[in-house]
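Here's a solo chain for you in structure tokens, the form predicted alone.
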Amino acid sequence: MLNRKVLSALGVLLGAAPAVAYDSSYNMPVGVTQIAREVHSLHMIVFWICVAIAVAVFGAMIYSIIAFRKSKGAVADTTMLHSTIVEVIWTTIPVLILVGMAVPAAKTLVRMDDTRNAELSIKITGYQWKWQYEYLGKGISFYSTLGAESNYARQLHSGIDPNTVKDYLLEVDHEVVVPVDTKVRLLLTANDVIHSWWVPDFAVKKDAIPGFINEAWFKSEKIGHYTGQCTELCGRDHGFMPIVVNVVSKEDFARWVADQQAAAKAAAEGAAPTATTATTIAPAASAAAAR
């Protein structure tokens, strides 16, 4: 009776595992790019494989402990010291599982490193503690630092409750603006120490290393604001150099580029800039479509 109950419980757990609900805030985001969705899918496949293995292994252990305990008169079998068949089985099964996980993962990794045919290139330089963005071929360059409201609230004895600050530590003074449905190539480096540029919704996390150029890319399929942070411990204010990417329509992006170029030209000529800054773009169409 005990054997049937244990086996039935294991079967129920294994069969129902993929249907178990979970709080997505503790999991990887599905993201807004094809690569991000593939990464999330691979993550969940590996997760449920691990769950199934854990249930099988710990289930067998618990069953053995209960069913063959000393108090029930169980005696250890000292005759079966070696079994070639068992060793072949417990070697072959893990190898097959690993190969089954490695093949789709390798395909996704290859695609993640394919920066060919990019429609827009942005050079990103990490500093202590800010980011510099240069739109290659467009004459646009600016620094992006922690937003003034968050920066003030984080100061010791500021008297401001961080919970009252919108997007606390996730706002910047200059956003990265890119067009939707466009392959954006990122060229990452650093000026001082190692930083790391990470935006979860794009499944992009790449180190910025002084003296080296690392490449990454993303192609957002949805308009909206997406946030990230530096994920490499880079000094005192490591936790205060967020990333904000504003994905807008291609028409709005073209207007933003024209505004930035006009502002740069006016500044070079000594005139007061009249164009909007990188943080003020909020087109009606983009705002309506933003998530």
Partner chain sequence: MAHADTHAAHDHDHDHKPSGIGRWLFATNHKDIGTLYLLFALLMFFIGGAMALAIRAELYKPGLQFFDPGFYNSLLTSHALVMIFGAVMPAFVGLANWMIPLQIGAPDMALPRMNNYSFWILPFAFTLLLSSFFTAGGGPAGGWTLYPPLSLQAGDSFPLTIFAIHMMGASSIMGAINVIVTIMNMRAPGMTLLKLPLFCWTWLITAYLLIAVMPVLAGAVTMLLTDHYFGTSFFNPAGGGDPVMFQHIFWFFGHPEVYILILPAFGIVSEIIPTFARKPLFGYDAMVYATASIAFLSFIVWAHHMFTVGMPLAGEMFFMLSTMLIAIPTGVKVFNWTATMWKGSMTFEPPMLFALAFLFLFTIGGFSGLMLAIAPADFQYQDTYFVVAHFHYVLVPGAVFAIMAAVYYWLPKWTGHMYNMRLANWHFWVSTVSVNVLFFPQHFLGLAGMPRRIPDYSTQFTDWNMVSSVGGFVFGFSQILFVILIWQCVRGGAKATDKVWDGLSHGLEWTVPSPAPYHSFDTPPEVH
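The model shown is predicted, which means the values in this text are computed figures rather than measured ones. Positions refer to the first chain, counted from 1. Rigid core here is just the name for the largest C-alpha set that superposes within 1.5 Å across the two forms.
Omitted from view is the form predicted in complex with the partner chain, to which the following refers.
Peer 1: Considering L187, A105, L120, V180, which brings a non-hydrogen atom within 4.5 Å of the partner chain in the model of the complex?
Peer 2: None of the other options qualify; the answer is A105.
Peer 1: Considering only heavy atoms, tell me if G137 and the partner chain come within 4.5 Å of each other in the model of the complex.
Peer 2: No, G137 is distant from the partner.
Peer 1: Would K219 sit within 4.5 Å of the partner chain in the model of the complex, counting heavy atoms only?
Peer 2: Result no; K219 lies far from the partner chain in the model of the complex.
Peer 1: Contact between Q261 and the partner chain in the model of the complex at 4.5 Å, heavy atoms?
Peer 2: No, no contact at 4.5 Å.
Peer 1: Evaluate G224 for contact with the partner chain in the model of the complex, applying a 4.5 angstroms cut-off between non-hydrogen atoms, and reply yes or no.
Peer 2: Because no heavy atom of G224 falls inside 4.5 Å of the partner chain in the model of the complex, the answer is no.
Peer 1: May I ask you to list the residues of 103 to 122 that have any heavy atom within 4.5 angstroms of the partner chain in the model of the complex, in sequence order?
Peer 2: Stretch hits, in order: A105, A106, T108, L109, V110, M112, D113.
Peer 1: A148: after superposing the rigid core, is there a C-alpha shift of 2 Å or more between the shown form and the other one?
Peer 2: Comparing the forms between the shown form and the other one, which are aligned on their rigid core, A148 does not shift its C-alpha by 2 Å or more.
Peer 1: So with the core overlaid, does the Cα of I93 end up 2 Å or more away between the shown form and the other one?
Peer 2: I93: C-alpha displaced by less than 2 Å between the shown form and the other one.
Peer 1: Cα of V110 displaced 2 Å or more between the shown form and the other one, core superposed?
Peer 2: For V110, whose C-alpha is compared between the shown form and the other one after core superposition, the shift is less than 2 Å.
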